[in-house]
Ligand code: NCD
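Okay, here we've got a single chain as structure tokens, the form predicted on its own, with questions on binding and movement later.
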């Protein structure tokens, strides 16, 4: 597997109609703002308060060559809620790649069956190779230890909403990022997107050998933000407006010493010691809730700032906006094809 540090660095065009979404580097603040405004428009549809058929007749090809449940279902649900159709495959075993077919040939064939593709692959840079051969827009749903742009977008969208409820802007906020900072592709993409804002303070804590890649650290610092590496989780979360915890990517480890990755990465006691029980708590999920998993402990789940399930809900909204953007659908077309739903699906008290 190609490590993040040696993945090819490519300049992609700004995100928009008929464009692939491969990297968060395709966003500036106005581009991200347009996407978030469109996300606000489709929120009632995502919340099942309304039904939309704006993508009637459109086909999504969902190709996940690496295990995924939440991300795959989120993308597929987003497309279906806009009235589209989905065809899907998971894993190499059920792919012609198991017979030796190249990424190029697979991409060229499958793109002929779809109007947009969502691809997850275990090797950094592989989704860009897929996009190079595709005849339709490709959305990167995670490429190894490289990037996960839609996750970073939903993370920033969630952070903006959570800070807004507290009367705070994203500019000038303090965010603590804990866990596997080397292989956590969500962290790499999040830092790059957050760097578009002004005056952010990042405090970092990770186990030895899983520190943030130096080029990501340099990227953030060069844009005028402060990056402070702390010796403990308590020191990292002290004073933070938001805490972003991420599990150790054990499936990507190549022999690093991780004996320190035991116990809880973040729990109620750590937040209490840091005098920060009210912090916004975020996690890209899945979370390993087993004892000594070195992850976000379930004992924080009743704290007022817990936002991990808001992130998953917002992921559906942001991915709907991504599909609408690549297919050239604006907010007015969404409104014209939306109606109130006549049925109810929520549980009654």
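Numbering follows the first chain given and starts at 1. In this text the structure is predicted, and so the values were computed from the model without any measurement.
One more form of this protein, predicted in complex with this ligand, exists but is not displayed; see below.
For the chain seen here without its partner, which of 278-286, 25-33, 302-310, 38-46 has a heavy atom within 4.5 Å of this ligand in the predicted complex?
-> Contact-bearing stretch, as computed: 278-286.
Within 4.5 Å of this ligand in the predicted complex, do 20, 62 and 121 each have at least one heavy atom?
-> No, the whole trio is out of contact, none within 4.5 Å by any heavy atom.
Heavy atom within 4.5 Å of this ligand in the predicted complex - the one residue of 158, 203, 71, 114 that qualifies | Checking each option against this ligand in the predicted complex, the one that comes within 4.5 Å is 71.
Only one of 182, 192, 247, 197 has a non-hydrogen atom within 4.5 angstroms of this ligand in the predicted complex; which is it?
-> Result of the distance check: 247.
Considering only heavy atoms, tell me if residue 188 and this ligand come within 4.5 Å of each other in the predicted complex.
-> No, residue 188 is distant from the partner.
Could you tell me if residue 140 has a non-hydrogen atom within 4.5 Å of this ligand in the predicted complex?
-> Although this ligand is absent here, residue 140 would stay clear of it in the predicted complex, with no heavy atoms inside 4.5 Å.
From first to last in sequence, which residues of 144-161 have any non-hydrogen atom within 4.5 angstroms of this ligand in the predicted complex?
-> Residues within 4.5 Å: 148, 151.
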